[in-house]
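Given as structure tokens, the chain that follows is alone and in the form predicted on its own.
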């Protein structure tokens, strides 16, 4: 068994735990909306057709914000098609996912769902096939009280009060050749700047997200951020980052170490933003909205959209079935997001239901939690106060992709009001447990209130509608306190949480 030590002290703080770190994403893609959040024939459906059981699990998951309506979908979206009387709405082709969008759910329905679910909306505008004026029209519809064309249309459609949406995404992945209307960084940077400037003329208090790179593997990564921010820095608050990881060719060790790339991604984008800040002689900092992240097996058949004359409504797309190793990686990604809370001010796990999602549904039927549900829900529930800067002494092991990587990774939060300290940790070893030693001399007089571990000797186990409880986080009875130290054993390929409270 390996041995690792983690030292904590309340004086060493990274930054606050941000509730927006625990955001999610609802895109008109596959079965995320239709037969996902929206299923009028379901026994729990409300008057708008939204599933009550999905709303309940979204709350249990601890979701804070939800990005909408895309994603690649937004780059061809005409939002006006999905407002007003439902019976008068016209279906449209969705080129991004080779599907038909029936427009049964639009801005007004989504905003009612968000209000019932208790989440903050994060709206995206189409800068692929559209531009400044259409973004202004949508903002007017959503945020202006009345007395103008689009605001009065919203009121006529039943929403008397404005939605006052704060966070807006200026397009989606505009660096990607797969994106409808993709652009060079110069083209997009100028369009984003002009759109942001005009939107602030309507609502100066908006928080605006400019598109960063679609992944650290993009050939333009780094240069894209530099050029786009040089054009738009003064007018935006965040630059986006997107990252997906998956086990490839049986290389589990590299997959479990995916956060090495995620940390590098954050560090690189932050450095580039700060360089532009210096060159532009700006005082404010542009931070990161990591508004797409997850495990996604992109090469699987279910990730390929239909083709030819087949334009189905809500086809089965991107419905990955997650196993225990996937959940460990998701837990580690949350560790990374918290560890980088000084620069990552918002994040959105992609997506919420059915599409690379923690929640799965059957049309008109059952609902269940995937393995990745649990580390997200527990982290969202228990991370509070401030994120601590840890000193970690861990053995390393070799990986094919990243070289030597620490076996143990961890983050901790401290809530000064309650005194609680919560440690989140992963053991990335395939074969060896880790004897974890937490040095709590900076927090004397603590006891273990809760210790749980998610693991399984068969790390390929996945939840199903018939069984989503066989692999739940289990009590870790090895966690003990002695002389201001906590010792616990973490099995191979595992994610753990230890919650410590004052005696």
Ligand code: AHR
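This one's a predicted model, so the numbers in the text were calculated from it and none came from an experiment. Numbering follows the first chain given and starts at 1.
Omitted from view is the form predicted together with the named molecule, to which the following refers.
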Heavy atom of each of 29, 71 and 356 within 4.5 Å of the named molecule in the predicted bound form: yes
Only one of 490 to 498, 7 to 15, 477 to 485, 20 to 28 has residues with a heavy atom within 4.5 Å of the named molecule in the predicted bound form, and that stretch is 20 to 28
is_contact(residue 172, the named molecule) in the predicted bound form, heavy atom dist at most 4.5 Å: yes
Is there any non-hydrogen atom of residue 296 lying within 4.5 Å of the named molecule in the predicted bound form? yes
Just to confirm, residue 376 within 4.5 Å of the named molecule in the predicted bound form by heavy atoms? no
Can you tell me whether residue 141 touches the named molecule? I mean in the predicted bound form, with a 4.5 angstroms heavy atom cut-off. no
Of 244, 150, 368, 233, which one comes within 4.5 Å of the named molecule in the predicted bound form, counting heavy atoms only? 244
Which one, 195, 427, 351, 213, lies within 4.5 Å of the named molecule in the predicted bound form by heavy atoms? 351
Within 4.5 Å of the named molecule in the predicted bound form, which residues of 313 to 348 have a heavy atom? Give them in sequence order, or say none. 318
